[in-house]
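Form predicted on its own, single chain, as structure tokens, below.
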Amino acid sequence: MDMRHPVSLFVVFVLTIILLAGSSYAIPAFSRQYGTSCSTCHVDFPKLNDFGKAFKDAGFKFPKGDEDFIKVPPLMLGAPAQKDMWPHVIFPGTIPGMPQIGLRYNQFFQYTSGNANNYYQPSGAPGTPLSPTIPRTDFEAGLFSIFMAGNFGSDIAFWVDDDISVSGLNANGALGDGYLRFGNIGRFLKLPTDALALRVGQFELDLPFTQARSINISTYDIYTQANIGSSSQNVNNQFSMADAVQGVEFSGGHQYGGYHYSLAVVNQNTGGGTVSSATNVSSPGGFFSDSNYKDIYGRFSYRFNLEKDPASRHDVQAAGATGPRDHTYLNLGTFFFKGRSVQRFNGLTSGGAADVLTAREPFYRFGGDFSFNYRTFNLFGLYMYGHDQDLLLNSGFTGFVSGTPAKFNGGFLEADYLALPWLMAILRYDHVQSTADFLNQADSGNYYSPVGTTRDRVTPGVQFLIHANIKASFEYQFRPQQALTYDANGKALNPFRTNTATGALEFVY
């Protein structure tokens, strides 16, 4: 499918907007509070620069001399002298001196090179309904979000974001992150500064690279990977690393240099369902959280700042002839998630009476990551392995025996280059190999060979900051071949690709 014409039209459209746009300053909540541009903390929003990482680590405050830079002073909730009178009075705090409310909206246009209807006609009886297919071209509303963040004093930060609507539908809206973060609580235990913090609420896991606030239009495939077993397995774990979790998280260190760690204890999040009535026939019930057990996530990383000058190497940002900039650095990390998914089955007691049998199937995810940054060039990647234990009903429907585990592995490698302060080029490679891909014949290899078990995607893209708070993005996804039918020898018939070109406009306020 020739994509040159629609792609070129989109590029001309974006360049025209940029050339007509004048200079401006972004005005989200923190920009208003400090009287500064979004680019103070962001390379290409929402991607943080080193100063933005330090700002976040400090609890949404300037890491040094915050009172000297803030333009809208906070409102005191009590006199400072009350600190000396505690616990006989309420410990004084602050609230932001202005409403810390921001809005985010994006709009998409997508062109798809093909879909199943172009390459395959089912042999069903006339009048048989066909499954939906991806439209060739489509305008679509993205998400409309409201978010609030700030600091209540005493190193207590807060964040709440909620998608009021997704794809133009209010019913699709949901809470994203909503938490309180108590920073530097290690001082009560005589620990080094910033050695221990506590976050409580609903939040994205401390992933090596954020999915919730990614600059990419498309998601990381490995982050959204569920683990689905074959027809002979009972594994159907809907959990993915991109899911928001509810619980508590302990963390310490810094994102802009040295060590960083986190340890979270969170609710199970493997799906939902109901339990079917007990019969004498084995059948799977629903998937749901087991409130008697919590999942655990841990991460550790260390960042080596590679500046030659020791003072610059240990500062929040590196310094150069043109002023502060991101460090040249190498960050290495590892992560681990341990949980269990729960299934219930209709079964029998040893005496033959109907009963409900519960299978608690342990699963884990672990991997490693790296990020290398040189001035305006960033190369980073991640590898993850997933393993779910499989429990099968025994022949008497009275218990379980171990089956073959369901597994997957993969990751991504991405490079982005800030060619100009308002122009970023991106190239990403995603790879996933899983049981689910084999079952769905994700590429056009031989059905009986391992070729049919991999899913690769190459995604080049470019992003333009029209203003510091308005962005135009474009990406093209080269997807693997698919096939709906195979011949007697397992060869794919009429393989096709659903490559997609996507453009987006987004603003924050």
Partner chain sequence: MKRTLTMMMVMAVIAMMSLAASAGTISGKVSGVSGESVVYVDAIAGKTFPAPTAKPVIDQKGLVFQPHIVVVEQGTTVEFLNSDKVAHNVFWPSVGGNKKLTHNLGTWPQGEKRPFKFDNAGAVPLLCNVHPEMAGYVVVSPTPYFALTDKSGEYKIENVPDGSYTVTAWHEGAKNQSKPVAVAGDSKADFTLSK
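Here the structure is a predicted model, which is why all the values come from computation and not from measurement. Residue numbers count along the first chain shown, from 1.
The protein also exists as the form predicted together with its partner chain; that form is not presented, and the subsequent description refers to it.
J.: Which one of 387, 338, 360, 71 is close to its partner chain in the predicted bound form, taking close to mean a heavy atom within 4.5 Å?
T.: Of the candidates 387, 338, 360, 71, 71 is the one lying within 4.5 Å of its partner chain in the predicted bound form.
J.: Just give me the single entry in 236, 317, 210, 240 that has a non-hydrogen atom within 4.5 angstroms of its partner chain in the predicted bound form.
T.: Exactly one residue meets the criterion: 317.
J.: Check 107, 135 and 459: does every one of them have a heavy atom within 4.5 Å of its partner chain in the predicted bound form?
T.: Contact check failed for every one of 107, 135 and 459.
J.: Choose one stretch from 318 to 326, 84 to 92, 142 to 150, 297 to 305: the one whose residues place a heavy atom within 4.5 angstroms of its partner chain in the predicted bound form.
T.: Contact-bearing stretch, as computed: 318 to 326.
J.: Within 4.5 Å, heavy atoms only: does residue 464 come near its partner chain in the predicted bound form?
T.: Flag for residue 464 set to no.
J.: Heavy atom to heavy atom, is residue 62 within 4.5 Å of its partner chain in the predicted bound form?
T.: Yes, contact at 4.5 Å.
J.: Going by a heavy atom distance of 4.5 Å, is residue 474 a contact of its partner chain in the predicted bound form?
T.: Contact check for residue 474: no, nothing within 4.5 Å of its partner chain in the predicted bound form.
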